[in-house]
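Only one chain comes next, encoded as structure tokens, the form predicted alone.
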Amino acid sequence: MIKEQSILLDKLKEVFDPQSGIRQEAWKMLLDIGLPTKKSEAYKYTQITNILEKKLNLGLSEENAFNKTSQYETAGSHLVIRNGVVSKEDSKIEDGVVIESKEVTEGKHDPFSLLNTVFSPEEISIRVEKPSSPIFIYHINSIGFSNPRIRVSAGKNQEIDLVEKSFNSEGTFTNSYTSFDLDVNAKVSYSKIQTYDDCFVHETIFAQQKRDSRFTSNIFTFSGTLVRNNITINLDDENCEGHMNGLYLLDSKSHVDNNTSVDHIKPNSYSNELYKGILDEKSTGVFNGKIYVRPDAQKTNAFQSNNNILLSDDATIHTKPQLEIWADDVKCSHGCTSGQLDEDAIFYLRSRGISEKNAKAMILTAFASEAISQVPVQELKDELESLITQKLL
């Protein structure tokens, strides 16, 4: 193993206490694969391993600002998770929603999912036995290194709406893993707000779909010292739909990296991906989106779009949309744009008596609004509109 990889893994090895064969297998695989280095193409612009070697404090433990007022008031199930463990006394779960704490099962074989498999205290299973209101998930991460792990099972013909927020203490590193298994004709909407000041976050989201199912992810990022989102959707049957919507409004020195993958495996599937970014001051955004269309996935429709507005000469965006197609009867497109505000539009609004500040805010709000249009929970949509307004005014 090369030195760049071993420093952090050696530090983690000091606290690793294997409790099951699965964890031991994941650890051995992680040692073989190694953590991303400067030469890792997928992490080219996000040097997370180097940063963690310098910043990770395994002994850190602080109070967290989370309290009952941080929860949504909407009817539904409210699940509180503290450092990867269900907090029963703080949670309120409706009838028909089953929350279980289980031994960790094997994760996917990328480095940070394996890291989560090794160190996650428990796997939190969520399943719905009858129609329910939205499920709200609140993570309180107050230790130096936390590994929340959730597995959501959507049964045949079920519809599930999940909303997730995290409250991370300063200086912490959170490495989360959330997976979704969608049965025939299941529909899942997953929305997450990311406001991560002065902490480091790596989040993995993985969805496996069966016939006629629909999965939608909505990821909204407003701050973060370093945030990496790995999102993968496998359309593993006919007539599946996969949707990814993302919005990142960044300032200061925030760094957010969205790495997405949609894999069309069977025929007649559809995917649509829309990510929008507004970057100010010295912030950095990364978008790396991949669409795979396998040889059997004829009649695939796949679309991908990444659009960015840079408000500062010091703001940076790295964007790389990619298509890999092995079928010949498909409709696929991708594209990206990066630029500044339209001066003609600003001039037009100012000629109508609108101040320059408000004119810019109106244009940017209109630009961002498309990314939140698919949010199904009204209280979340109201919060997003408020956060966008605070950022832009």
Partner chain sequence: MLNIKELHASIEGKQILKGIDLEVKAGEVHAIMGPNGSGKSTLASVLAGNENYEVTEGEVLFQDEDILELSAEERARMGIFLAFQYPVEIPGVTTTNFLKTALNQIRESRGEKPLDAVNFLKTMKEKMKLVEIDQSLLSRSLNEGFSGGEKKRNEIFQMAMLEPKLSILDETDSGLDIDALRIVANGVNTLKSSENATIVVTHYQRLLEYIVPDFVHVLYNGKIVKSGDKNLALELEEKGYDWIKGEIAEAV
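Residue numbers count along the first chain shown, from 1. In this text, all values refer to a predicted model and were calculated from it rather than measured experimentally.
Beyond the structure shown, there is the form predicted in complex with the partner chain, which is absent from this document and is the topic of what follows.
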*Is there a non-hydrogen atom of N57 within 4.5 angstroms of a non-hydrogen atom of the partner chain in the predicted bound form?*
no
_I'd like to check something about D342: if you look in the predicted bound form, is any of its heavy atoms closer than or equal to 4.5 Å to a heavy atom of the partner chain?_
yes
_Residue-level question: is R350 within 4.5 Å of the partner chain in the predicted bound form, judged on heavy atoms?_
yes
*Would S333 count as a contact of the partner chain in the predicted bound form, using a 4.5 angstroms cut-off between non-hydrogen atoms?*
no
*Considering E41, E63, E356, E324, which brings a non-hydrogen atom within 4.5 Å of the partner chain in the predicted bound form?*
E356
*asked:* The chain here is shown without the partner chain. Which stretch in 359-367, 46-54, 333-341, 23-31 comes within 4.5 angstroms of it in the predicted bound form, by heavy atom distance?
replied: 359-367
_in the predicted bound form: members of 368-388 within 4.5 Å of the partner chain, any heavy atom_ = none
